[in-house]
Ligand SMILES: C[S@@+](CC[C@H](N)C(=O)[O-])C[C@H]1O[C@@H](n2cnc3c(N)ncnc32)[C@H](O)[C@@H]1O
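Below you'll find only one chain, the form predicted alone, shown as structure tokens.
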Amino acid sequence: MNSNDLLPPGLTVHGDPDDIAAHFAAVALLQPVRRVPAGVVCAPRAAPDLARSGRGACPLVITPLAEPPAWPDPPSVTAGNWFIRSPVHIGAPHGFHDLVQVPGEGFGAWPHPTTLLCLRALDRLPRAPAIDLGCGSGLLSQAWAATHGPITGVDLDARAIAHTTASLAHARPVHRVEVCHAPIARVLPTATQPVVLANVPPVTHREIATAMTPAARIIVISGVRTRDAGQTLTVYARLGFGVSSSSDADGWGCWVLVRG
């Protein structure tokens, strides 16, 4: 099939489970919604731009279907070994971890570059309890609970709390996620978690630094443009945190800070 062709309502990507897993970063963009003996059935029109990219990158045999198989929302995508999907998509194959999102109004339902950067940073962190400040739609809280340990997601926006809670009902991660509707300044000073996740704007980072828990040893920070990061990093440096690693994408940055 030519990548410039009009997308059909549905596609079948042919291959055994190992084939699908080996090329899943591309298959995920085609919006896989059902496993069949031949491979997986996909709903490309749910996310045409993503599907065209996936079709161009997938070396497996792809055949069209006349009928649309489903309409997943939000669309699926991979970030490293994370598969971010709706409840309608198939589960992740071997080698990937599921992150399930329902439609909602919490920030991050569609993965922002800062969210993806934070997800990639998690692999380098130790397993421990954590707190996710400004949890938005709960993606980072889900990811931590799937692989690292229990976490508390905190947000002042009731819509974000509702979105996180609804998604968690489908995701069911290994570890407990507690969701807290409260201001950061009220929750953080007495928090006992050694790991802090903070994908929030610079003004909120200043609030976090002011209320920082003495228990925190590691902070993953994002939500900051790389060109504007100096002031934010300085605020944390005054608390004894130094940069352990960093990454960037599309002008956004992510930093893992460790307290010496």
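A residue's number is simply how far along the shown sequence it sits, counting from 1. What you are looking at is a predicted structure, and each value in this text was computed from that prediction instead of being measured.
If you look for the form predicted in complex with the named molecule, you will not find it shown, but the lines that follow are about it.
- This chain lacks the partner; the member of G134, P173, P72, G104 within 4.5 angstroms of the named molecule in the predicted complex by a non-hydrogen atom is G134.
- Here is the short version: of V195, V33, V200, A47, the single residue with a heavy atom within 4.5 Å of the named molecule in the predicted complex is V200.
- Looking at 58-66, 39-47, 201-209, 226-234, the stretch with residues near the named molecule in the predicted complex, meaning non-hydrogen atoms within 4.5 angstroms, turns out to be 201-209.
- By the criterion of a heavy atom within 4.5 Å, A169 is excluded from the residues contacting the named molecule in the predicted complex.
- Looking at D157, you'd find a heavy atom of it within 4.5 angstroms of the named molecule in the predicted complex.
- The named molecule is not drawn, but in the predicted complex it has no heavy atom within 4.5 Å of S76.
- At a distance threshold of 4.5 angstroms between non-hydrogen atoms, P183 is in contact with the named molecule in the predicted complex.
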